[in-house]
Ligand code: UD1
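A single chain comes next, written as structure tokens; it is the form predicted on its own.
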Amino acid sequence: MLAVAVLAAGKGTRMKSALPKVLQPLAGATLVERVLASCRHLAPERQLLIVGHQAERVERSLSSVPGLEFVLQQPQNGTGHAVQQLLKPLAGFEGELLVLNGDVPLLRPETLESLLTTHRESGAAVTLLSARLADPSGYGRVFADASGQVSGIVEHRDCDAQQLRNDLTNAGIYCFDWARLAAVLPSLSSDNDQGELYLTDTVALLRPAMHLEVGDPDEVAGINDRLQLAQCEAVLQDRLRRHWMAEGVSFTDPGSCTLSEHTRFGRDVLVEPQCHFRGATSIGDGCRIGPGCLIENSHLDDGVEVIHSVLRDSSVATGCVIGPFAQLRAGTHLAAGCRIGNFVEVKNSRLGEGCKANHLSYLGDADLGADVNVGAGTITANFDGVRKHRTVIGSNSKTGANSVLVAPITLGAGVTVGAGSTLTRNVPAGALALGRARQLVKENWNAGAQQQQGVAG
């Protein structure tokens, strides 16, 4: 049997944030969500999150995680004290305990699987992850022999000059035999530089102790401040881009683009510079995205082109062209072959096949049939000051430039709206609708004005 405990009680003072450190976002997910995801494939029988600082907020953020148990550490007196809080909830548990840190989000699932396998095959009481760092400052040092047996771990603050030369560091990730760990936990001492109970001290009390050195030190990078958060973001973004390039996506300038963990791409997608993908976004085969796009929680079918535009919570069917400088807001659905041009905003609307809104228009709460041509400057006035209302435009209709359709209103199929019209009533199919003042021309107007200026002079 396997239990997983994630340490998530710390304040994260160096983040200088009102948000708990473990809830800081990284490529679309919080740090602690990433840690939990890294061990999901191990199918643990128990998952426990040790909380402390802003415990209620952390618990609320993870309330939807099935089977997650919350254990309160109050006060926070070190990692050893945190794991001591498991003595009651894991009383009678038989098996391994995997201890992870809520601020170490880049662990690969394969690494944790190797750690668990190594632990079980060696028969060790504890097996820990280690890493060799070019700059090991601040990390506890692991002292081990050639066979991988660990004699002890010394925290950086407690190392002497000779011990500081050791570049093999403790990653803070452990697999314990729970029964043997539970027996030594009560004997931990706070006789150290920080006056805390260190979980690392259990390694000297448990025999045999083994370590598994990770090949990629980035995996065990911890996050204590904004700089380290940015560094981890860069590592994760590089992983994501490399993965999708291997799957057939072309990035013109990979380093200028960012992805979320839940972004999905088809093949032969071209992503140009300065494009950013957020949330559960999917991009179909043969799409061209960018330059300069933000796409969030949206679905694009095959062959869509988006340039210098923002799409949120929208769906776009095959062959649509969007931009430059267009915005699709929540609830927008474009059927195949639509064209949304420069400075057009669409919100909570459905556009049928082949619709075109090429310039300077706002379509809010509207339903358009197929092949509607929206003239430049057309606005659906959907808000009466209290409620939103819908505009319905039938297939093959067209609106002239600077038209205002005051909702609720329905235009039938094949309607033509004259330029500059403001319409407030329904229009039947096939009609021409005009709603503007009669043009008035006063001849010789300038001549009269010039004569008056001459008299005044």
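Model, not experiment: these values are computed from the prediction. Just count from 1 along the sequence shown to find any residue number. By rigid core we mean the largest C-alpha set that fits within 1.5 Å across both forms.
We do not show the form predicted in complex with the ligand, though everything after this point is about it.
Every member of the trio 7, 14 and 155 reaches the ligand in the predicted bound form with some non-hydrogen atom inside 4.5 Å. In plain terms, the part of the chain that comes close to the ligand in the predicted bound form, with a heavy atom within 4.5 Å, is 99-107 out of 289-297, 99-107, 250-258, 365-373.
Shown without its partner, this chain lists 337, 323, 284, 140 as candidates; in the predicted bound form, only 140 has a non-hydrogen atom within 4.5 angstroms of the ligand. Between the options 382, 200, 263, 84, the residue in contact with the ligand in the predicted bound form by a heavy atom within 4.5 angstroms is 200. Using a 4.5 angstroms limit between non-hydrogen atoms, residue 176 is distant from the ligand in the predicted bound form. Not displayed here, the ligand is approached by residue 171 to within 4.5 Å at the level of heavy atoms in the predicted bound form. Residue contact check for residue 78: one or more of its heavy atoms lie within 4.5 Å of the ligand in the predicted bound form. The ligand in the predicted bound form is not approached by residue 151, whose heavy atoms all lie more than 4.5 angstroms from it. Within 4.5 angstroms of the ligand in the predicted bound form, the stretch 223-261 places a non-hydrogen atom from 224 alone. Annotation: Cα of residue 255 displaced by less than 2 Å between this form and the one not shown, core superposition. If you fit the rigid core between this form and the one not shown, you'll see the Cα of residue 194 move by 2 angstroms or more.
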